Structure formats: structure tokens, C-alpha cells
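Okay, so here's just one chain, in C-alpha cells, the form predicted alone.
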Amino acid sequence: MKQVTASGQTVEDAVQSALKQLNTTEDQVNVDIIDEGKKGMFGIFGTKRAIVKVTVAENHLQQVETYLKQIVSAFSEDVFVETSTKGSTVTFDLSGKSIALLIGKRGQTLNAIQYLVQVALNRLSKERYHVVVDAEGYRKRRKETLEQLAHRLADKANKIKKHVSLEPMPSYERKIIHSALQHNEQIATYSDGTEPNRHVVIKPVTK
């Protein structure tokens, strides 16, 4: 945690001195006034300088990125994290060695890591964020796989005229299935079961 104690003719002067030393701006710090100072007679006699302690505010995203790095270091020391933000969505992209271990079977390990990071960030921040933890484009590949699976099983449901149940999936993966089939008028989809076994069911539509 970066902090400095600075003085100046006024509190504002002291704060500006501290900001210059920390190379940051006022909206990124917390200011603790130690002494408001005193002008003195005629601005000369009895003058007392103002003293402040300025601390760089902790950045929630940086804190969570550090937390994520601690998690992935258990799998490999050579994993890099790249963070990007778009609106309320924060994406942490992992790359390096042992990526397969971080992804796990059908992305289960990656999903668990994503859940932990989502909880951590939303506990630290007053704003609500949607967190995505990806690993060298795995999420895109998984989305394409799920869309292909959705269409294949929709064809199967129509052919056998019976409901077809998919394996349990996290909510955002179930949403991919629903979205992929939303314009198929021959079938309907719904989610069934309770977490962590909630899954998508594809049923043929009888006319």
C-alpha cells in the first residue's frame, strides 16, 4: 500500500505535494488530515504548516487479479493474466503452461475459478460486475461446441419425438443452448433440476 505524509502552507498544498510524490490523482487516493495548519499573524508569525497522510486507494480489479494469480499459481508458476474491462464485464484471460489443467474436464476447473473470482470482486466492489475467466480462447471454442451440440440434439429430439436431456451445465452455458435454438420452431427448450445438476431439456413441439 503506497502512502506518503506531506506538508504545505494549506491542506490543499499538502495534498498536491503528496499526489506529486505518488504520481497519481486525487480521485485515486484517501486523504487523512493530520494537522490543518495555521496561517499566523500577518501570514508570517506563528505560521504552522498543514500536514496530511495520503494513501493510494486499493483498486478492486488489481486486488482480484492478485487473488486470481494466487489461485492459478497452485497449477503452474508460468501462467500470465491479462485483464480487460468492457462496461460491467471484466475478463481475465489466462495464458502459459498447464492451461489444460486450469481448464479441467469440460471447463469445470475454469468455471470454479471464475465463480471464486466473481464472488471476490462483487464482495469488494459496490458495483456489480460480470466476470469471465478465459484460457487461451477456450470460452469461444466451448461456445461453438455447445451450439453444434444443441443443433445436433434438436435434430435427434425431432427424429425420435422424445425429450432429450443434456448434461448439467452452469447457467451461462445453458443460456448458450437456449439462444442457439430459440429460432427453431420445431422444438422448445427449458432448464430442469436444481444446482449443481440443473440441465437443459430439448423437447419436440407437436402441432
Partner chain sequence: MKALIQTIVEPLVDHPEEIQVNVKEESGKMIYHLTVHPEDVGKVIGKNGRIAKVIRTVVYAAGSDTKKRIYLDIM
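Predicted, not measured: the structure shown is a model, and the values here were computed from it. Residue numbers count along the first chain shown, from 1.
A second form of this protein, the form predicted in complex with the partner chain, is not displayed here; the remarks below concern that form.
*Asks:* Let me test this: is every residue among 160, 190 and 206 within 4.5 Å of the partner chain in the predicted bound form, going by heavy atom positions?
*Replies:* Result no, not one residue of the spot touches the partner chain.
*Asks:* With a cut-off of 4.5 Å between heavy atoms, is residue 131 one of the residues that contacts the partner chain in the predicted bound form?
*Replies:* So residue 131 does not count as contacting the partner chain.
*Asks:* Would residue 90 count as touching the partner chain in the predicted bound form under a 4.5 Å heavy atom rule?
*Replies:* Judged by the heavy-atom cut-off of 4.5 Å, residue 90 is well away from the partner chain in the predicted bound form.
*Asks:* Contact with the partner chain in the predicted bound form for residue 85, defined as at least one heavy atom pair within 4.5 Å: yes or no?
*Replies:* Contact with the partner chain, no.
*Asks:* Looking in the predicted bound form, any heavy atom of residue 126 within 4.5 Å of the partner chain?
*Replies:* No, residue 126 stays farther than 4.5 Å from the partner chain in the predicted bound form.
*Asks:* Residue by residue through 96-127, tell me which have a non-hydrogen atom within 4.5 angstroms of the partner chain in the predicted bound form.
*Replies:* Heavy-atom contacts to the partner chain in the predicted bound form: 101, 108, 109, 112, 113, 115, 116, 119, 120, 123.
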